[in-house]
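Heads up, the chain below is alone and in the form predicted on its own; it's given as structure tokens.
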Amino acid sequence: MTTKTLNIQVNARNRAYALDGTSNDKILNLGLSNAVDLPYECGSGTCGTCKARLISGEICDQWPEAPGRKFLKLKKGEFLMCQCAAKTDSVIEVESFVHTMEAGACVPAPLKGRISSVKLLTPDVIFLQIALQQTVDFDAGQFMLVQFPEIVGFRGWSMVNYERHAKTLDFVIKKKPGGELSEWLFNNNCDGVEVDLFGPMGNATFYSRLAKNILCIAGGSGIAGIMSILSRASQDGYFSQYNGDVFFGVRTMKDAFFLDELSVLRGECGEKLNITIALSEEAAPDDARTDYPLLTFDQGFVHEVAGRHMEDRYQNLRAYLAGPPPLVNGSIGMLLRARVTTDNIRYDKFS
């Protein structure tokens, strides 16, 4: 297929942007890689946030089965920018205000990588490391879109690690029964497999200039981005001045992972960092407290455990949420009832 050079004009509420790209470029990725902060959340066809309306020209939908299409008014020409590329010079419209990224922002770009390490953390969670062909900068809490050969679509995964000029990216992936990619990852030797990436992406980011206490609530593999946030905070000595409260929810102790790493972070950061493991289906066994004396254990759904521990402690706070929709929705409700403002509640939608 011949690649065409095209012009895509994006009309936002505040101004228009002219983007020069090709017929291979997804419109969202083209805008972001030009530091135009087009609206999105998942970037992978699920949430519908990146919807736009075609004013003129033709587009090609590269994933007509994307779940996010259910949010579109197709008869009005709406489409998902994260899944569509222009076939001709085109004009599109987005409903929101759109601005260019701030100076110094980590601008997303296409990347190439190779799986360099795979390790089973629990029966249904794996650690996966990708070695990059070129270094990349990203902010703590961001994610990458990752695509595997012969698997349709990109997946959004948060980085576990944090460093500038990173040569490798670390991820944790939970097995999804019937999920094409997760079934493939758990049932094949994927060492050395080459992958395509795009990023970094996401706005649930932490910076040491924040100057607020932080609350992190995560479930399962959602702990990935929280580990990146804690890593940066530890490197910058953030908890010498501000409080950190982390709540990590799993079903049972057999489902828990990163407890050694969390214990190390707690030891490095001191008493202003509190880390609680919430077990939803059992009480913590006695040996858990013996093996991990720097961690706290409690029973219940993680957002409910967080609510009990955080009572009357929401002042000067930024909250970071990560995990399945029931966890995020429950946590948002708890925070709003505690009168935490929406601009201080950060999360990325992956489903």
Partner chain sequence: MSKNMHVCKLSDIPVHGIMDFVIGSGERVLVANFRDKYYAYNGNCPHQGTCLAEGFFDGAVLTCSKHLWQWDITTGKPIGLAESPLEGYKVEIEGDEIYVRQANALKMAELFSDISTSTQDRLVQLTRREEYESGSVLYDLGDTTDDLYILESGRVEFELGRDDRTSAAGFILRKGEVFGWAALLEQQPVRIAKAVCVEKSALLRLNGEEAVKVLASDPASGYLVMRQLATLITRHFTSSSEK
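Predicted model, so just to flag it, every value in this text is computed and none were measured. Residue numbers count along the first chain shown, from 1.
Note that the form predicted in complex with its partner chain isn't included here; everything after this is about it.
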Quiz prompt | Partner-proximal stretch of 260 to 268, 203 to 211, 114 to 122, 184 to 192 relative to its partner chain in the predicted complex, 4.5 angstroms, heavy atom | solution = 203 to 211
Quiz item: Does any heavy atom of Glu93 come within 4.5 Å of a heavy atom of its partner chain in the predicted complex?
Solution: yes
Quiz item: Taking the shortest heavy atom distance, is Thr49 within 4.5 Å of its partner chain in the predicted complex?
Solution: yes
Self-check item: in the predicted complex, Gln9 touching its partner chain (heavy atom, 4.5 Å)
Solution: yes
Quiz item: Taking 4.5 angstroms as the cut-off for heavy atoms, does Gly57 touch its partner chain in the predicted complex?
Solution: no
Quiz item: So which of Asp298, Asp37, Glu304, Asp61 reaches within 4.5 angstroms of its partner chain in the predicted complex, heavy atom to heavy atom?
Solution: Asp37
Quiz item: Which residues within 141 to 157 place at least one heavy atom within 4.5 Å of its partner chain in the predicted complex?
Solution: none
